[in-house]
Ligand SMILES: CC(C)(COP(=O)(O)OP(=O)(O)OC[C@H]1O[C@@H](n2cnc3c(N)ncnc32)[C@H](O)[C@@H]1OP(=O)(O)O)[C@@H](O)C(=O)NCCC(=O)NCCS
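This document starts with one chain, in the form predicted alone, laid out as structure tokens.
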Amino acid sequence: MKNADIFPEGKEPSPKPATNKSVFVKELSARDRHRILKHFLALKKSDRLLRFGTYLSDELIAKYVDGIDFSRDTVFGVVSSHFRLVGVGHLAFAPRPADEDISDKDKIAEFGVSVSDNARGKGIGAKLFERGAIHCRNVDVDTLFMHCLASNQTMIHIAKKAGMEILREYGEADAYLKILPADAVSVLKEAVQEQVASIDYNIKANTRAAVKWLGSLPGIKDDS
């Protein structure tokens, strides 16, 4: 397998968003579980198939979200101006397979991403992947893995732009990315991204709370 460095100099993905609004990716916590569930439940049948590789019912999605271990895995999100999750990236860590020589470390990471239908074309999926990759780098994981249907052209496009090695078989695709060791620049970059995203998250949360409070006053309707 060809080893591809993560975002070699001069080749870092720079998606062209449909608008001039910035995309802020924040690490989520267990307190966001209900928002994550709401995001997944809003995905239509075809999008659930692309995200999970099979169609999941509402009950199975609820079970999946309830089973996310935030102490082990890392989940990232992008919130809209109305404080709704429009993009979710799940970075799941697992022990390195004993029978596969794909990593020099004890664990690898698998990444799954979904973007709400009304928020596509803005580079959200690519930004979520970029954040997941740099997080892997900073927690000493050298192999990032994605598994998806071969028909999931969005994920395949993201994988190719990141320089991932893509293997296709029986309608499915596996993509691997070898990641460079962490350095001061990568650590600082992620810290700054998280700080900026946290500020954006809190502003939107406070704005939403204010709108809800105003909407509860007599004679004022909340249309958001």
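Note that the coordinates shown come from a computational prediction; the quantities given were computed from them, not determined experimentally. Residue numbers here begin at 1 and follow the sequence given.
Omitted here: the form predicted together with this ligand. The next part is about that form.
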| item | value |
| --- | --- |
| Listed residue that, although this ligand is not shown, lies within 4.5 Å of it in the predicted complex (heavy atoms), from A133, L85, C148, L91 | C148 |
| Candidate stretches 191-199, 48-56, 61-69, 26-34 - the one whose heavy atoms come within 4.5 Å of this ligand in the predicted complex | 48-56 |
| Close approach of V113 to this ligand in the predicted complex, 4.5 Å, heavy atom | yes |
| Contact flag, I158 vs this ligand in the predicted complex, heavy atom cut 4.5 Å | yes |
| Contact test in the predicted complex: I124 vs this ligand, heavy atoms, 4.5 Å | yes |
| is_contact(S80, this ligand) in the predicted complex, heavy atom dist at most 4.5 Å | no |
